[in-house]
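There is one chain below, alone, in structure tokens, taken in the form predicted alone.
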Amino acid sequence: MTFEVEQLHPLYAAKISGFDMRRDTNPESVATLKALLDEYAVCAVRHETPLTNEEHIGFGALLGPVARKSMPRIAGTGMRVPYNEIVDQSNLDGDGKIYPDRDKRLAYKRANRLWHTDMSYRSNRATWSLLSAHVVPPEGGETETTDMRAVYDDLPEKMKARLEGLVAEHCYWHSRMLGGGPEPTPEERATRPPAQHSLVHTHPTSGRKVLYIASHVRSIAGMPDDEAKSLLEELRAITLHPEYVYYPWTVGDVLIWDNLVTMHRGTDFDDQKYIRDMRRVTCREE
């Protein structure tokens, strides 16, 4: 196997050329890719054409257990992409048409424009996400990432000491409403209960400490809401400094990021004019 690695950002992120997820599926190739992900956290794997859904799922399964049936039961939702392993991150309905502006399903999808970490609202968290670009808008709609290892490294020692031992509650519905979505029904809420995770954790393979926050964070255990809100706003402001943020992207790419290391978001675009067809396969902790 011969491929090229080009670092895209001074702190993280790499473009990988010559690696084909349709072909390079042997254990040695997969181990090499995992090692690159441990180093760079975000890798854009170049492909001339998008993977098929089956190829996308098949390669994801080589990286770890693939999340299934991960979509919440939102009233009116149908499956445009008929695979339980694929999260449809498009603005298209089951008939392939752009969602109307007031559609509840689109309102919840717009919350993905907030900085977040996939599936942090689950007790069994996401590891790698593999996002395949089928249609990219001509304006906007990029996927930005930020390296939370570097953010933690640069925090003042006083802040690091303050964060030690703190546990946050992550709630899917909190971020959906924060992003402009409506109040979920009790039945919808029941499909995704909240989860608790440490604000700082140690990455299991690289050994580096990571700040683990996201738009899903609703509260911090034992801390008054106003104090928690202030602390989270301060931390989020730090993570968005330009030196931590990057977005590599083109049609056909599979963008892989480590959710235990990064945050990401989709940037704004005219979702009533342009199609954005992204499909995600997500691996979970063992």
Ligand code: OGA
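Residue indices: 1-based, along the sequence shown. Bear in mind the structure is a predicted one, so any value in this text is a computation, not a measurement.
Separately, the form predicted together with N-oxalylglycine exists; it is not shown, and the next lines address it.
K.L.:
R280: heavy atom within 4.5 Å of N-oxalylglycine in the predicted bound form?
P.N.:
Answer yes; at least one heavy atom of R280 falls within 4.5 Å of N-oxalylglycine in the predicted bound form.
K.L.:
T143: heavy atom within 4.5 Å of N-oxalylglycine in the predicted bound form?
P.N.:
The answer is yes: T143 has a heavy atom within 4.5 Å of N-oxalylglycine.
K.L.:
Is N84 close enough to touch N-oxalylglycine in the predicted bound form, meaning at least one heavy atom pair within 4.5 Å?
P.N.:
No.
K.L.:
At the 4.5 Å heavy atom threshold, is L131 in contact with N-oxalylglycine in the predicted bound form?
P.N.:
Yes, L131 lies within 4.5 Å of N-oxalylglycine in the predicted bound form.
K.L.:
Based on heavy atom distances of 4.5 Å or less, which listed stretch (158 to 166, 113 to 121, 207 to 215, 193 to 201) is in contact with N-oxalylglycine in the predicted bound form?
P.N.:
Answer to the contact question: 113 to 121.
K.L.:
In the predicted bound form, does every one of Q89, W257 and R265 come within 4.5 Å of N-oxalylglycine, counting any heavy atom?
P.N.:
Contact check passed for all of Q89, W257 and R265.
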